[in-house]
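Take a look at this single chain in structure tokens; it is the form predicted on its own.
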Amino acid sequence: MSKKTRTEELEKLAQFGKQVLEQIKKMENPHIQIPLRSLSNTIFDEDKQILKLGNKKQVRTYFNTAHTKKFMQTLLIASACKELIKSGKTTSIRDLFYMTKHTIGTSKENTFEDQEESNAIIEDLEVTIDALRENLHLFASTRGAMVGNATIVDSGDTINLRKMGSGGWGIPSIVEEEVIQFKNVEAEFVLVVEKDAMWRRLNEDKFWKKHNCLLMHGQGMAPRGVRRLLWRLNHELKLPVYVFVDNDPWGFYIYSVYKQGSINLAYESKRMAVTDAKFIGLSSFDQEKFDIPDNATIKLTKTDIARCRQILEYPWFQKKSWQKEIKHMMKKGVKLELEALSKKGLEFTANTYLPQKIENKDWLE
């Protein structure tokens, strides 16, 4: 993290603490206001085509027994982050949980019972002071990988993404400019694959080399590091982004998270959402287009159908093309996983399906 960024985040944390301290000095009931992170306070910005938080806030007051613990937890996490930034060290969100977990005095009450509690407080702090978790010196486990026609610098080490073998370069949680720099990028686009298994198939077939691209996966619902890196590749290098996911409601939503942002992290959409990302498949109409046999399909479950109906109502799925896409899948009553394309041969995806989709601009937005 740059000196300027460290100074900015320290100042935000200091101001956060000073506000509470001033309330105490005035003999007021100490309180903090935290933007509400929920679907009811998530707005789809039609102009910017991203999800963002509304104006609703929740108030945590110290002398409200229902709020006291979370009030204390919020200040505890803020204090720990301040010390991390001052020390110049980073740590995992798992480590932070253990760093801040202890028994209070002689009571049997713990500051945190499990990591889910501390994770939620970290997100509360992020949205309250408008700071990325990564800029608070916190990282999560590495998930996702990338290969392709590019050379990058990772924490001072030069990495040739053309020579990363079968596993690829593991995308870290913190991918900001101070950590990751783009040195020599020859790729013309980025292909994001939902699943590691299909990514490995495409990597083995050297799809990235034949079609001059970067090949990335996020292991399902992509972690923040993958989304943030994708945003940088798109915004800084102007690389088009194609998203390749399962033909089911969960795959559709994963695509929308790349494109518009997520409900849970709507406050970070401006730094993560790739608004011009293209959905390249699998489409509900691909079975007919590519003559995929019926025995490669999977029957939709009641949960799938319920999820379809739910996303049909989301504002960001109101385009006629998306309504048609989802309703066609529901009418057929089946879904397709990426691996279904292997019924046409192991090289079909890399040699026929994806090149044809890209050449014909056969995608959804």
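Rigid core: the largest C-alpha set superposing within 1.5 Å between the two forms. Owing to the predicted nature of the structure, the values given are computational and were not obtained by experimental measurement. Start at 1 and count along the sequence shown; that's the residue number.
The same protein also exists as the form predicted in complex with another copy of the chain; that form is not shown, yet it is the one meant from here on.
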Residues in which of 252-260, 126-134, 163-171, 185-193 have heavy atoms within 4.5 Å of another copy of the chain in the model of the complex? 163-171
Proximity to another copy of the chain in the model of the complex, single hit among Leu75, Ala120, Met99, Leu239 (heavy atom within 4.5 Å): Met99
Another copy of the chain isn't shown here, but in the model of the complex which of Arg201, His211, Lys82, Arg271 has a heavy atom within 4.5 Å of it? Arg201
For the spot marked by Gln19, Thr61 and Met216, is every residue within 4.5 Å of another copy of the chain in the model of the complex through some heavy atom? no
Report whether the minimum heavy atom distance between Glu325 and another copy of the chain in the model of the complex is within 4.5 Å. no
Contact label in the model of the complex: Glu347 to another copy of the chain, heavy atom within 4.5 Å: yes
Find out whether any non-hydrogen atom of Ser342 is located within 4.5 angstroms of another copy of the chain in the model of the complex, and reply yes or no. yes
Is Arg232 near another copy of the chain? Define near as a heavy atom within 4.5 Å, in the model of the complex. no
Sequence-ordered residues of 291-312 touching another copy of the chain in the model of the complex, heavy atom within 4.5 Å: Asn295, Ala296, Thr297, Ile298
If the two forms are fitted on the core, does Asn160 show a Cα displacement reaching 2 angstroms between this form and the one not shown? no
Threshold 2 Å Cα movement between this form and the one not shown for Tyr242, core superposed: no
Once the core is superposed between this form and the one not shown, does Asn110 show a C-alpha displacement of at least 2 Å? yes
